[in-house]
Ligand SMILES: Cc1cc2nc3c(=O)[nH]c(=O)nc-3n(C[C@H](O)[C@H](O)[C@H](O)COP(=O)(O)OP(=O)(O)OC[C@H]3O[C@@H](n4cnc5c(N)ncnc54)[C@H](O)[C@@H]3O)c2cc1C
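Below sits a lone chain in structure tokens, taken as the form predicted alone.
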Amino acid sequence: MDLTFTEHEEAFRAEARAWLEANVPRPALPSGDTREGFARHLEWERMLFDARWAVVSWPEVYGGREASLMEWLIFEEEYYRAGAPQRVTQNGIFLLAPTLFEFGTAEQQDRILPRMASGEEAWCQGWSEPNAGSDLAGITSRAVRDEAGGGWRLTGQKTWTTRGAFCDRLFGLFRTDPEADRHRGLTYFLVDLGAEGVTVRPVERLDGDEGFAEVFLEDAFVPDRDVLGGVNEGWRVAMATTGSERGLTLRSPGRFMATAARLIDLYRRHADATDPAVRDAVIRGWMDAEAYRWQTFWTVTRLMEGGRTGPESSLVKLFWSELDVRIHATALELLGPRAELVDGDDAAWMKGWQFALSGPIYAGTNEIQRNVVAERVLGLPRR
């Protein structure tokens, strides 16, 4: 792996940095997990799209710059360095879109991707169910063929749907062959949340955010054109999405590098410099963020040479989710009683820590990821 950037990549970084410094909203927007904040974030997403920064690695026809994966990583670094708002379109752009590029038809790509990139349609993910979370193959929501209508009737419940209360559409798995083995007989559907038979019920969190939702489907119709990747081929398609979720696109290193830089600044302002344990925790946070950065550049180099991501994405998910918790826990230790304040420059650390605690759970619990690593990466026997 070449650790130097080309002149073109450095010019790309400079252009991105200049635009972000001139346009990032100040003061920071309200939480994107509130109704007001979500609407404000969509305005920001449309600004990104108009300037062709929303989906830099996509083809120009869909609003992108046809940037390389390396340039995408550079943009992500500059995005988080500038303190830009969270991407409320991330589940569509970073999870569904790579799957659409791999498995979608030309008609699906032309119909869905431009509206996704511009923020006209926001997407949420419908994986988890009340009795099937990390065990994705255990889902029971079903889809029954509607020959007369030229589509499918979906029935079931999805839960833990991030920003589902505000989104327009959902992507998820449904069982189309109940007689098939657990990992077979599943189909990947694209669902209109405004369709008849779909009920979205917000789930308010303890911190007051309201974006979480449960989604209930009662004989909801989905046309054939919104099947992604083929009937009963859903597991194969979903594994591409989960690879993006756990590995490359959902949690870029720029996010953790920016958080580690903030932690160092916090240490300089608040730390008892005589406490070596706190100092070492701060140093480890920075080192681990840098390690994740270079591991990701290695992955991108491999992908650009024709490689693919595989079960090693579970290792990546373990690393970044636990890194996030450690960095925020160190910040709270530095702040001491001040960590509980809800206003002021340091209040974001407590909210960040609360969200970081969900990292070892979403995208497949870390317990499940350790099993994946043991069996599919290390080749250990199942017990």
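Start at 1 with the first residue shown and count on from there. Source: prediction; values computed, not measured.
A second form of this protein, the form predicted in complex with the ligand, is not displayed here; the remarks below concern that form.
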Q. In the predicted bound form, which of the listed residues (Gln125, Thr176, Thr299, Ser252) lies with a heavy atom within 4.5 Å of the ligand?
A. Gln125
(Q) Exactly one residue in Trp286, Phe101, Trp160, Phe94 has a non-hydrogen atom within 4.5 Å of the ligand in the predicted bound form; which is it? (A) Trp160
Q. Can you check whether Tyr362 is within 4.5 Å of the ligand in the predicted bound form, heavy atom basis?
A. yes
Q: Although the ligand is absent from this view, report whether Phe221 comes within 4.5 Å of it in the predicted bound form, heavy atoms only.
A: no
Q: Please run the contact check for Asn23 against the ligand in the predicted bound form: heavy atoms, 4.5 angstroms, yes or no?
A: no
Q.
Taking any heavy atom pair closer than or equal to 4.5 Å as contact, tell me whether Ile368 reaches the ligand in the predicted bound form.
A. yes
Q. So which stretch, 192 to 200, 176 to 184, 149 to 157, 130 to 138, is the one near the ligand in the predicted bound form (non-hydrogen atoms, 4.5 Å)?
A. 130 to 138
